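Just one chain is shown here, as structure tokens, and it is the form predicted alone.
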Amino acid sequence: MSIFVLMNLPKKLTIKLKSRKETNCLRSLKAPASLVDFSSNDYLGFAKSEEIFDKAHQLLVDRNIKQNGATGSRLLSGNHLLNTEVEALLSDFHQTQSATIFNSGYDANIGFFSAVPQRGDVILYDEFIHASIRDGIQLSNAKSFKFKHNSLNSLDEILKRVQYDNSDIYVVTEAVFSMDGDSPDLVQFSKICQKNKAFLIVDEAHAVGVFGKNGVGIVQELDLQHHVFARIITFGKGLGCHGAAILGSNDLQQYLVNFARSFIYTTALSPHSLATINRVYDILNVGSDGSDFGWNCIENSQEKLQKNIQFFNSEIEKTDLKNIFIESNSAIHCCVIAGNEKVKLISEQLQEKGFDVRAILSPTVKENQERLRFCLHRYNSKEEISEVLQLLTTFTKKVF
């Protein structure tokens, strides 16, 4: 057996790791376990769909596409015909001029916010905005200010203070917040942005597939698609595959292709990933073979998921847990249990009983806002929901 002698970590990094261990918030990778799923983002069960897998494979076979990788960035050798085909499909489905595919939601947000707002511009963001957007904002030359979570008054007050000459103002929020499961009043947000001539950006990562007819998302459900400057959608959550796209005008697409570094300097998605996105949208829309499979699948999946969300909320009402759950009508439900040690303990106890419920620790969320994050799916049974909440009631009584 070979023995490799590697250099030790620099002292500063060792100290940071030690601090994580001492505060009981050290992250580690764990092998997947065969537990009842209350943790994945596969809300509709599409990630595990054999039918989608088979349809994606058949598309590649029918087109005689025998290629494992993209071979390069889209500006070089990686702009496979499936890219433009899927982007046209996305544009039509989401009622927008253009869709620009990125390799992930993180890449899309990094690319947009580092490239679009310019020096002298202003970005206003919800205080609970996703880390990928924060990272993109940090790479931007624009000024940035946060407003209180989902607060129209806070946004309005800041807008009055940041009206500068020759400055464009960008307002960013999420359709469904990943760590709370709640949503802003997008209708009123849109009106405030129109009044102040601000550009509204909405991250719909946890909304597409789950909300709106055929899973179009909340922006289209509210008929706001023509009042939003850009939408970021991802395929790795409710749609069960991989990648992301920025929806907007043709001019925005042209700008991103020229200036978004996370688009320009990365190998494109593989043909198989694009084929999977294609087949998923076939299901969201109408089957290309003329069958009604697509309509039945998405409507049934959405209906089952919505019933589970309603049942989960009704079961919370029957327990003493309501006051520690953040109100949500999405697939994400969070139970706030302050302290990394406490919340990790209860998560481990639930996993020992066969339920995959994960703890969200600080610094991912603010200190004393640590929580258990329950993700609901169309395939969770009522019995599973009732049992996991009964167990949670028992375990929380021991720590409070």
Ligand SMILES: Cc1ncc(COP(=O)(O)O)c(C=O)c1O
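The structure displayed is predicted, hence computed values, not measured ones. A residue's number is simply how far along the shown sequence it sits, counting from 1.
Another form, the form predicted in complex with this ligand, is not on view; read the next lines as being about it.
Peer 1: Which listed residue (130, 279, 231, 74) meets the criterion of a heavy atom within 4.5 Å of this ligand in the predicted bound form?
Peer 2: Only one option qualifies, and that one is 130.
Peer 1: Which residue, 199, 106, 93, 255, is the contact with this ligand in the predicted bound form, using a 4.5 Å heavy atom cutoff?
Peer 2: None of the others qualify; the residue that does is 106.
Peer 1: Suppose contact means a heavy atom within 4.5 Å; in the predicted bound form, does that hold for all of 174, 178 and 237 with this ligand?
Peer 2: Each of the three qualifies.
Peer 1: Could you tell me which stretch in 306 to 314, 184 to 192, 261 to 269, 201 to 209 has residues with non-hydrogen atoms within 4.5 Å of this ligand in the predicted bound form?
Peer 2: One stretch meets the cut-off, namely 201 to 209.
Peer 1: Verify the contact flag for residue 243: yes if a non-hydrogen atom of it lies within 4.5 Å of a non-hydrogen atom of this ligand in the predicted bound form, no if not.
Peer 2: Yes, residue 243 lies within 4.5 Å of this ligand in the predicted bound form.
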